[in-house]
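Just the one chain here, the form predicted on its own, laid out as structure tokens.
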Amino acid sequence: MSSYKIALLDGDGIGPEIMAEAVKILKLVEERNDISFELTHAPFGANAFFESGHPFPDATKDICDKADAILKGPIGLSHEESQKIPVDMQPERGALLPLRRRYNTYVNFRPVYLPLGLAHFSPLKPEIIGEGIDIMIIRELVGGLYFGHKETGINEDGRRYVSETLEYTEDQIKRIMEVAFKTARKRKKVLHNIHKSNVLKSSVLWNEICVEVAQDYPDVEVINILVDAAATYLCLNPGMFDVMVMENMFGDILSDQGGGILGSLGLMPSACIGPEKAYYEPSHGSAPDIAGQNIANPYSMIGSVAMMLEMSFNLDAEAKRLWQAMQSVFAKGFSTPDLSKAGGDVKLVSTSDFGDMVAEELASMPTN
């Protein structure tokens, strides 16, 4: 029997609620497969800061270091609560970026997936959605503005200033491009390279290396598109995209826009992959305004489990069945109050009920 250690970072807000549903699924996967998971919860984020004085405590780092994979809940609190935390200790700066840096999780996979059975969630017109949306956004995750040198101070004129540096090396760009080309080769063999080379020198280098890497993938068509045009086409013609690759900040913005065309970031799981370790997380925030109400949909957290089963534990078939199980619950007309309003054919259920339904659907499926 294979055995794996998983670090569970519950996070803030609705994090513990949706993490409970992920644990429910992991225990079911254990029962259905020749596999064992050692699950260890660890504090991470704003609540960790209030409890221990640091959003990424040393004890949590130790648990993550020993884990085979990390499952992370959303982090952050309301604007008012966040102001009680020093700027450099706020969850994104003090926990999330250090997590990425510690494990060099340079590849972020964010699927923008909307089968016809979920099309009613999208604000887009049916003629734009067509037969559904299926895009894989590949975002470089440990370079660019987010990790460059940062400086604030007072200039010679006595005025406040800020300076942040956008840096990339050719090795950083090459490795993310190789992942993008390999992913495109497995899908439709079309790669959209997203850039801003008409303004940014970083994009000029990005594009040069894209051309160089493309020589090793002659079967993959490369389509270059400016980031602002890509944002427009995601709304007007999302079906034109299959695999998209982009630098860190572009990926942050466009993947959130991807959640918008689906109808909610609650429908977007993600995987953050490094050379030796990966963490998986919902793309959405911690939604402190609805925390504790048992109304948040766990789709993106359970979807992150599905991505972990495939990418970290080679349980591809079980991952596909888990996706089918989640979509079956929606197809039967069930949803949660954060995604849908009462009325019509929608039957509103709680976070825990939705998780139970997904588990029931998965349990009813064969294991081979």
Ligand code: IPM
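Start at 1 and count along the sequence shown; that's the residue number. Computed from a predicted structure; not experimentally measured.
The next section is about a form of this same protein that is not shown, the form predicted in complex with 3-isopropylmalic acid.
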Which of 126-134, 198-206, 184-192, 91-99 sits within 4.5 Å of 3-isopropylmalic acid in the predicted bound form, heavy atom basis: 91-99
Is there a non-hydrogen atom of residue 252 within 4.5 angstroms of a non-hydrogen atom of 3-isopropylmalic acid in the predicted bound form? yes
Is there any non-hydrogen atom of residue 146 lying within 4.5 Å of 3-isopropylmalic acid in the predicted bound form? yes
